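First, one chain by itself in structure tokens, the form predicted on its own.
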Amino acid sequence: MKPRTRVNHPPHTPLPPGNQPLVAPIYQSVKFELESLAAAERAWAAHGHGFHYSRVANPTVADLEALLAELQGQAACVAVGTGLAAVATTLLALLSAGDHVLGFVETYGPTRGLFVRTLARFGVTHTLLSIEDRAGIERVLAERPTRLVWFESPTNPVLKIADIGHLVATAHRHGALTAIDNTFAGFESHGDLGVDLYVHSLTKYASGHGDVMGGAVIGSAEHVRTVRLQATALGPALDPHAAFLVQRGLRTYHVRRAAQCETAARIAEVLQRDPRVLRVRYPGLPADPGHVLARKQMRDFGTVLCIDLAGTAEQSRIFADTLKLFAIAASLGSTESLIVPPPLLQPRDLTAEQRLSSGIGPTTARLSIGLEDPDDLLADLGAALDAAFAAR
């Protein structure tokens, strides 16, 4: 074989039986060779096994999908390139022209944008209520045929807790499917509550280090197959190297999350006693409106808290700018602590009435707690509060 041919058909080193790598390799290959036409026909068939093209399936991604399904306590998973891709693919897979989706004002802004702008272009209608409006939920589902109820718990950013059992039972009684963006709650929560599909941004806790993006849709084999067919058609495939990095992040997921939750609870307790903080929203606080439901539904209380300063918008800006250990940045769930200050948190797409329902005020800030020492974070927050309230 001549050199030009050999470099394109290199030799492979087979592994002896019982001599496997401890860490699975990255299958950084777009194409997979089939040994015969019959094997190719089986792989290409809808019911076939094996791999032929990484937009459709890849062994590294498949390993991640199997792990995520097990962590959430479900049968199947499809992983895609970003969290929002997971949201969009699910919505496009489940909804058709003429369908109605029930959503909530306490929902991630880009998800609301998909309801209001993208889906509306294709004849899908929506209703936005507050997640706390139980009577409204019952009324809408009773009066209007609804294909899907989409919700979060805890909600982003103010951490309201949905009564998931009641919401799922009500939706199913009226023939609607349910999907939860379960990113804030983590893989260990809500898997036993009968939700049809669980959506996660793998960019957050699963990766945990802020250096890779991904999304996942988890549920029954039937529902995930529907979403996977849509993902294959649209093409938001998760790159195998990104899948490998998410798997690496998941090795420390539980210890990271436990430490971050512990620090978040301590910070919430301290801040709720500070007179310069008007309100702390964290479901781990006994006084929080969602505490009882969260204790019943969740395995922990999360790593995110929301605060409203007892000051002006300008003082809120000084507070955010003075912080040294909290980066002004989007996202959450990574090893460093982050803040989304009030000006960046405002839901500009909502009406005045909807803004009131959302719970986001003029001094509301979201804090994502990282892995720094709790004493250092508390000192940083205290110094920022001192600077903000010295500027009266």
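All residue numbers refer to positions in the sequence shown, first residue = 1. Only a predicted model underlies this, so the values are computations on that prediction, with no experimental measurement involved.
Keep in mind that the form predicted together with a small molecule is not shown, yet the notes after this line are about it.
**Q** Quick check: do Ser189, Pro283 and Phe301 each get a heavy atom within 4.5 Å of the small molecule in the model of the complex?
**A** The answer is no; none of Ser189, Pro283 and Phe301 reaches the small molecule.
**Q** Looking at 260-268, 218-226, 195-203, 285-293, which stretch has residues with any non-hydrogen atom within 4.5 Å of the small molecule in the model of the complex?
**A** Heavy-atom contact with the partner occurs in 195-203.
**Q** Looking at Ile360, Leu332, Leu323, Ala69, which is the one with a non-hydrogen atom within 4.5 Å of the small molecule in the model of the complex?
**A** For this set of options, the contacting one is Leu332.
**Q** I need to confirm a contact call. Of Gly249, Gly103, Gly83, Pro240, which residue comes within 4.5 Å of the small molecule in the model of the complex, counting heavy atoms only?
**A** Only one option qualifies, and that one is Gly83.
**Q** Hey, in the model of the complex, is Thr183 touching the small molecule, heavy atoms inside 4.5 Å?
**A** Because a heavy atom of Thr183 falls inside 4.5 Å of the small molecule in the model of the complex, the answer is yes.
**Q** According to a 4.5 angstroms non-hydrogen atom cut-off, is Asn156 in contact with the small molecule in the model of the complex?
**A** Within the cut-off, so yes.
**Q** Since only the chain is shown here, I'm wondering whether Phe244 would be in contact with the small molecule in the model of the complex (any heavy atom pair within 4.5 Å).
**A** Phe244: no contact with the small molecule in the model of the complex.
**Q** So in the model of the complex, does Val168 come within 4.5 Å of the small molecule, heavy atom to heavy atom?
**A** Val168: no contact with the small molecule in the model of the complex.
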